[in-house]
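We begin with a single chain expressed as structure tokens, specifically the form predicted on its own.
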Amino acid sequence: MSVLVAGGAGYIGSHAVRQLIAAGHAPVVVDSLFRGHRQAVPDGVPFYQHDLTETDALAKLMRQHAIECVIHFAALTYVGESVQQPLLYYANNTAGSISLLRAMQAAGIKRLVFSSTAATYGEPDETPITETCRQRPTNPYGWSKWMVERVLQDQAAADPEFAAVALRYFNVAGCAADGSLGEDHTPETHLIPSILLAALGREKKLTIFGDDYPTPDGTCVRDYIHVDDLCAAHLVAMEALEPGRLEAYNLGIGRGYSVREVFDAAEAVVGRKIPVDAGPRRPGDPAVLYADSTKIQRALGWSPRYTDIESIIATAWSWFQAHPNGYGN
């Protein structure tokens, strides 16, 4: 299948491109390179540098490569940044996705796998979180993704041939097991890479954002899913798209780890203490988020291979040791 990967030069998108190739598909990458890396796209894979708002250019390359399905990773994903710059997030994540959908419509493409987020649930009424939990985002990032889900639902109702799936990610972590693909963000705000960069002396003392949450050790609890497991779910979801509907699935391992537990696991992996201070809470951060991913496991036969935090961190540590400067090496 010829697959357009929007955001395919990013952390998750680049891992998905590799899996698409291994599965016999023909990926085509489009990425603005605002936070992606051209070096993460394999040689021989067609690459186009476009912003999602370039509707006509996107439609042209879709027709040129006879695209059959789009996997949409292109988004801004920092909760704190979204609180500070909401217009940036609504313009890129929401309006950009609508532009991509208009390009698909112009090119006659009816199949879409969309990267959504657990942030659409906000402060959940219950845990683990199922797909039927009420969606009440607590930050602009979550709202920007929720709005796209709403658009997809309406488009599926309007076009009986349109097929879409929204994959609601919990915290994505880890790197390719062979150390050839990894995580490289500027700025780096994700917990696990920040800890590992601190272990390499690339970061100053880290701060835990809040140690007074209603959790066992006072720090936020999150569900961490390995990036390769996450990408594998995209491939099975792509094959199972059903015309005339939007289907939603949670992607997580089904248990949560607190921030302090993640620090403890990272110290076990790297073999030394990592300095950390406690600071105030970060606006818009729910206390506990972890997934019930039973639905996708039963419906599509997907299940995570990495189910403990130390093994996930170990794959990331291999990348950061070999690439302390990321793709800038």
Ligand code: UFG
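Each residue number is its position in the shown sequence, starting from 1. None of the values given here were measured: they were computed from a predicted structure.
As for the form predicted together with the named molecule, it is not shown, yet the points below apply to it.
**Q** Can you tell me which of 156-164, 240-248, 117-125, 94-102 lies within 4.5 Å of the named molecule in the predicted bound form, counting heavy atoms only?
**A** Correct option: 117-125.
**Q** Against the named molecule in the predicted bound form, would His72 count as a contact residue? Criterion: heavy atoms within 4.5 Å.
**A** Output for His72 is no: heavy atoms all beyond 4.5 Å of the named molecule.
**Q** Report whether the minimum heavy atom distance between Lys60 and the named molecule in the predicted bound form is within 4.5 Å.
**A** No - in the predicted bound form, heavy atoms of Lys60 and the named molecule never come within 4.5 Å of each other.
**Q** Test of understanding: in the predicted bound form, would Trp143 fall inside 4.5 Å of the named molecule by heavy atoms?
**A** No, Trp143 stays farther than 4.5 Å from the named molecule in the predicted bound form.
**Q** Using a 4.5 angstroms cut-off on non-hydrogen atoms, would Arg222 count as touching the named molecule in the predicted bound form?
**A** Result yes; Arg222 sits at the interface with the named molecule in the predicted bound form.
**Q** To verify the annotation, which of these, His50, His37, Arg282, Lys295, has a non-hydrogen atom within 4.5 Å of the named molecule in the predicted bound form?
**A** For this set of options, the contacting one is Arg282.
**Q** Of Ala233, Val259, Leu181, Val113, which residue is found within 4.5 angstroms of the named molecule in the predicted bound form when only non-hydrogen atoms are counted?
**A** Checking each option against the named molecule in the predicted bound form, the one that comes within 4.5 Å is Val259.
**Q** Would Ala9, Arg18 and Ser32 all count as contacting the named molecule in the predicted bound form, using a 4.5 Å heavy atom cut-off?
**A** No: no residue has a heavy atom within 4.5 Å of the partner.
**Q** Can you tell me which residues in 181-204 come within 4.5 angstroms of the named molecule in the predicted bound form, by heavy atoms?
**A** Residues within 4.5 Å: Thr189, His190, Leu191.
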